[in-house]
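This document contains two forms of one protein chain, each encoded as structure tokens and listed individually as structure 1 and structure 2.
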Structure 1
């Protein structure tokens, strides 16, 4: 029996007041308001966290692991997102932060920079030089954007670069090294990611493009922040930094493109702006574009919903820290080894990304066509103002819900009020003010 699909974004009904903030913000129309409460349509949700960011009542939250996950394994490895470096005051160094994480109870701490530098080298020195690649290349480091493409832009799936994320590559290499060092079996070694992002949890429980994740858990940056703070300046600082300046800038919008040395690129942050550009790419209006870097959160990963610091302040701190790090200057031998890892499939996607049909009205094509006609006819009687009062994000979504039988209590309040007004005017003898409902 197939496991139920896991989502990291959940709704706390007791806090929901049925406002329409999340309804209008959701990029995939995955939210409805029914009986005064929001409802998340699981098959549409991409766990971008936009609703978490905008909910005034904290009714949306993210499912992540607690620090108790450390106790499940004999040997534990922490991989912090480099966004973490921007969450602390400017006088706190990277080694101090990494050492503090280790003091919490981890045996090892690996920077995700390890995977980033490998990806940068393989893409810039190997993949971009292939004559048959489909452009623009889309680097699916952001799991929310990857699922957005799967759901809304399936024609762009072939544009996605066939390589794993920096976190997955780092986790795989860290586990293999731990197996050699400890002699423990891989299942007794736990790799925990410290995340600024809701979608990362989903990418571990229900990975896309790979059969299984090498990460065993995700701890929210908000959850672990206090523990890191308590362990700062609590003993000698270890030298744990492995990253380069280029890798440190990767979580900031534009950082990927710059590190790859690509001139003809487009870096876009904010999921709604990303959608606009993907629409342009889908319509082949950006044919000369080589590389598209899309990040769901404003500013990049620094704007993730599980962060604490203002993204602009975090970005400034990360840039300041990056100045003290060396650039990514691998030897020819190292690059050759990394390219072999790619060609041998060690760091490539292992599963085909299949389109996720959320717009299909019916499994039967004939019935689906008939329902499309019903929606088209129904739209003639709707106001087309997409107010959200009905509990659907748009008038079309409202009509679709009715046709699919998902909203049996559907009422367009705007149209109802308009009809009542017309009847009142007709009763008062004001002929000519009665609106023909058959017109748009």
Structure 2
């Protein structure tokens, strides 16, 4: 069992100057600046990668595997996220990219599209037809949104569609096929995901909803980009494309809803907007909504923190590549088999997703109330401008940290300066400001 708080998002200490940019942007208030460096509170982080994206000093980074990981296995399979297709300028075809990946040293390349078509079929032909489902259904493909729901919207956990992610399904099928083909034991076959996403790494090491991932490693799209580029058009191109037009649009916000053919859907991208809409869903304000597609990154997975291309440019490239592909038209027999895989639990979320109470002040309600009273009292004396200089994202977070005993050395500089000024003014015989200005 890996560390319960494993996170792919990490800090490069030497680059961090202790500014307040990440502090303010973190959707779960998981960052504090202590001793001049940003610290990530493991329990709260959902690996959305917001901090990586906006750190002006590039001090936030993600742990991913190096390409050397392929040496650890006798047989290796690469699964590139389809976001990759939007990363190359010019007229590079999908087969050319997939062939280039294989040339790097993989035995096989499987498109994540394989899993997408299966999910699409199972949701539209099976899950949506169940009479007892809780609507709106929420897609679980974005791992950061999955963890967001776990920490902030526990009441919506039952709305999550209990089907595995496209890459996980693809990994399972690819591995099974490789075992059949090579006769090797499963441990000797390595499935490596080429990822635009920080949270994906976390979901392999510390999975949510499943017992164990079939993926063995995650290589960042940024890391492998140069290798692919060097191997493009470096010999004959193999025909490796299996994906459909519909599947290609999944990493683009709205693509899932459209390919599922759901009329009453809502597709929202950007973690802060997703939070606002989930609030509305939790309050039952959005009646008749059938499907909610939420993606933490702007534009969907094309906006992932481990990509190189601008999400809007990537989106336009993927759309034009999709035009040349066939639609998803599975046989009834194939769909029946896919539904069976779901019902048997092979491609399903089989582990219960438990709510995680990250903002709770104390295990005991009476003690929590006492602590809350202390916070309320403290808030009367704090400036309330949420400057972040103390290292907490807001004045309230500053007070909470003190009450929880997580910050013993807490000092509010603004308040200290104000007190000094007042003392000085009083000394000069001038009337001082009211130091104890209440805010309520």
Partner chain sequence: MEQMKYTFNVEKDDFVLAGQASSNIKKLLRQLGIDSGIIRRLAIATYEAEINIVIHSLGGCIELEIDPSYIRVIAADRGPGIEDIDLAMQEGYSTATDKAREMGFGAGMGLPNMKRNSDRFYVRSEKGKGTVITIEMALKAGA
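Residue numbers count along the first chain shown, from 1. It should be emphasised that the depicted structure is a prediction, and the values quoted were computed from it without experimental measurement. Each form is matched to the other, and the largest set of C-alpha atoms that superpose within 1.5 Å is called the rigid core.
Of the two forms shown, structure 2 is the one predicted in complex with the partner chain, while structure 1 is not. Once you line up the core between the two structures, the Cα of residue 53 stays within less than 2 Å of where it was. Residue 40 is not among the residues whose C-alpha shifts by 2 Å or more between the two structures once the rigid core is aligned; its shift stays under 2 Å. Relative to the superposed core, residue 229 undergoes a C-alpha shift smaller than 2 Å between the two structures.
Taking the core as the reference frame, the CA atom of residue 419 shifts 3.9 angstrom between the two structures.
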